[in-house]
Every structure is written in structure tokens, then in C-alpha cells.
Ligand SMILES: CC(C)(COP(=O)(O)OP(=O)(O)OC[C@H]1O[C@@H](n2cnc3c(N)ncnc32)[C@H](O)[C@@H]1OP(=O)(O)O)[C@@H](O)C(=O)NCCC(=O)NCCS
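Below, in C-alpha cells: the form predicted alone, a single chain.
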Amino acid sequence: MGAEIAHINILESNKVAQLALPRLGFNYVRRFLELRLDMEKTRWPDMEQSPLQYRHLKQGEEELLTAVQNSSFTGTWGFSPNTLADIVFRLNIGSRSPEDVVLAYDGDNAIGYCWTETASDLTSNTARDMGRISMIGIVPAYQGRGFGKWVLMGGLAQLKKRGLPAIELTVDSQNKAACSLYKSAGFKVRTGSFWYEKPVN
């Protein structure tokens, strides 16, 4: 496949894998946090004060999302640029659709997106759906300027309309800006996971 590095992600409670992976040549590189937001306890800002406008991604705009995503994450750990085919595939897995992606605009410029989804809560004894933010991206020119809050709120507002009890997401513990943003929005650490990597070429 031409890959140079193999990555493996395990729950931090998986002690067996933590012992086995180094013996197989894998090195620990990152800790990610699993966060959860209780929707009933969330304080919502007045979305009319948002400096951004929002809309759903439309069928046929996959190239736009590909460009915004690749621009947003270039240079970040573990990110490999997506092709148009990658994005089209991911948008159409199972019950997913382009409407799961909330685009954020400053005037005519798409400056970021929040990719939402609904998933079953496998940690609960009762069958219920949970909301999930699978990815948030903001183009470089708008990073570090406070727009992350409003891109996040655009995605949470969509999930709120579905009546979901809680929202989950995963974040790199070394991404201090993102961790601070999610904490300020009310997300709490639920558990964590470890990433290991190994050169394969």
C-alpha cells in the first residue's frame, strides 16, 4: 500500500496490549482523550451572536470539504491528506450523509466545518443513541482567532436538534488549544487511549 508508518490505537485500560506492542516494535507516541458532554447541563451561547453563518454540506460539494479538511490539518500529527474518493466514501458509509457536515462561513469563504454523527452508546446498559463529533477543522487563516468555539457550537446545535442526551469526541491530549476549547464548552474526560507507531518500510 506504500505506507511508511503503521499506527495502532488502544484503550489505556488495555494492559496486555501495552506490554505486547513494544515487543512487536511499536513505540508509544501519543495519548488521546475521550470526552463527553451532557447536553442537558450545557449552557448555550446566543447563536445569533455568532460571527459565522452555517449550512449543511450538499451532495456534489465533496471537493470543497476535501480542500477545507486538508488545509485545516496539514502538519498535524497522524494526519494523511484525504483524496476526494476518501471523503466521498466516508460521507456515504451506513446511514451517514453530507448533511452530517456543518460548514461554517465568513461571508463567502468556507472557513471550517464540524462533522457530526449519531452512534449507539455501547457503554450503557440501556439502548440509546449518542451524538459524536468526529472532526472539526478550521483553515489556517482563521485558526487562533476564537472561531473554533463557533464552529463547535454550529455542530453541537445540529446534534441538539436530534434530542441526543450526550455528545462524545476524541482529542489529542497535546493539542492544548482544542482541549481548552472543549473544556470551556463543558466536555469532561471519560477515558483515554494510547497511540503506538512502527516504521513499515
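Numbers follow the displayed sequence, beginning with 1. Fair warning: this is a prediction, and the values are worked out from it, not measured in the lab.
One more form of this protein should be noted, the form predicted together with this ligand, which is absent from this view; the next part is about it.
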| query | finding |
| --- | --- |
| Candidate from R55, K161, K176, R31 lying within 4.5 Å of this ligand in the predicted bound form - any heavy atom | K176 |
| Contact residue in the predicted bound form, chosen from M39, V171, L64, A157 - any heavy atom within 4.5 Å of this ligand | V171 |
| Per-stretch contact check against this ligand in the predicted bound form, the hit in 134-142, 23-31, 55-63, 40-48 (non-hydrogen atom, 4.5 angstroms) | 134-142 |
| This ligand contact at Y182 in the predicted bound form, heavy atom, 4.5 Å | yes |
| Contact label in the predicted bound form: N109 to this ligand, heavy atom within 4.5 Å | no |
| Exercise: F73 in contact with this ligand in the predicted bound form, heavy atom 4.5 Å | yes |
